[in-house]
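The data below hold one chain only, encoded as structure tokens and taken in the form predicted alone.
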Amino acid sequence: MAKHIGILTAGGDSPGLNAAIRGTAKAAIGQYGMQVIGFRDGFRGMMENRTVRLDGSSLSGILTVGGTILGTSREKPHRMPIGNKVMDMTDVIVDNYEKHHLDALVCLGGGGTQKNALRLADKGLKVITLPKTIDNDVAMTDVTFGFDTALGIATEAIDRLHSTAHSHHRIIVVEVMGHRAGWLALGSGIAGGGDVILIPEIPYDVDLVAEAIRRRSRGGSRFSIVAIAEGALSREDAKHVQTAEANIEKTKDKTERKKAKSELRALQNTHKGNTLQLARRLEELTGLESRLTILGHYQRGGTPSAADRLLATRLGTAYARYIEEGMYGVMIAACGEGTEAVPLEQVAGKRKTVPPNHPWIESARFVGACLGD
């Protein structure tokens, strides 16, 4: 009897999602005779039982298309807005899994999706995940699909901004995505010839950044490109956040823990607009005109790169093979040129950040980029 497979995409959209859907479904159908349905708009669509049949016609022509034909959302099974309440809808999702007689559910997503998938696995669902995110911060995989495309887009933006920075003798501050991990800002900063690269893993000193820019100016370079991850913090702000996070970890009382989390959110909210403040501060300290460009969701869109299409297809087709072999409760990770099934327990709740001794860090320093420290 043919196996029945469900697919959903959750979290932020990412280049390569359609390639992964296509690879998973085509391999499942063509190689193993499985039947495949997609759930619309992530875990909410599965809770509301909104489905689409995935077959030859629905999969045709989507390889090069950005976004996801299934739609996505960030809603969590155990904390889902229903009317004016937030409710645990996990059991409803389990019921819909059983109504469709599914033999497996594939969840395409980033760090949050890995945690939600583990919750469903703990409820008895046979779940496998694929790692996607432009931030490249999912643990236990060499790379996530979506990263290469976003890296190329960010690099091209920095390339284009060089000409206006040079022509007007300006500081151009370019904000790149990356709340907790600096892969995108670091990679595009190096590839785009950024003079200053600021990432969450290395808290920066604004005075050191300003001095690096002034030093360039004294040497005859009257412009500078600053590539900064949206989650990069000054040393002072980083200390406040670390203190708040430590308070959460050491607090056992639920009320106090809730208060500590509220304080952390307040700190994170005050950090919004930090890049604009940095641009203004650098203008004051250097005497050079400063302009800010925020790339934002521009980095998520458009046609996925060849590398992302290849990676998403490779992981997707491997998924079908793992299902046929009866392996569940795992994430299919990129490992060299192959794949590896990593237990979700080793992935959920973890984040892959840039190590201080990573070769990219060394390369950035060797070419003279200031990392703010």
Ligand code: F6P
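The numbering used is simple: start at 1 and walk along the sequence shown. Just so it is clear, the structure is predicted and the values come from calculations on it, not from any experiment.
The protein also exists as the form predicted in complex with this ligand; that form is not presented, and the subsequent description refers to it.
Checking 297, 239, 218, 265 against this ligand in the model of the complex, a heavy atom within 4.5 Å turns up for just one residue: 297.
Residue-level contacts in the model of the complex: of 115, 257, 179, 281, one residue has a heavy atom within 4.5 Å of this ligand, and it is 179.
With a 4.5 Å cutoff on heavy atoms, residue 230 counts as touching this ligand in the model of the complex. Within this chain, residue 141 is remote from the site of this ligand in the model of the complex, having no heavy atom within 4.5 Å. In the model of the complex, this ligand sits within 4.5 Å of a heavy atom belonging to residue 74.
The closest non-hydrogen atom of residue 134 lies within 4.5 Å of this ligand in the model of the complex.
In summary, the region of this chain contacting this ligand in the model of the complex, judged by heavy atoms within 4.5 Å and restricted to 273 to 281, 210 to 218, 126 to 134, 154 to 162, corresponds to 126 to 134.
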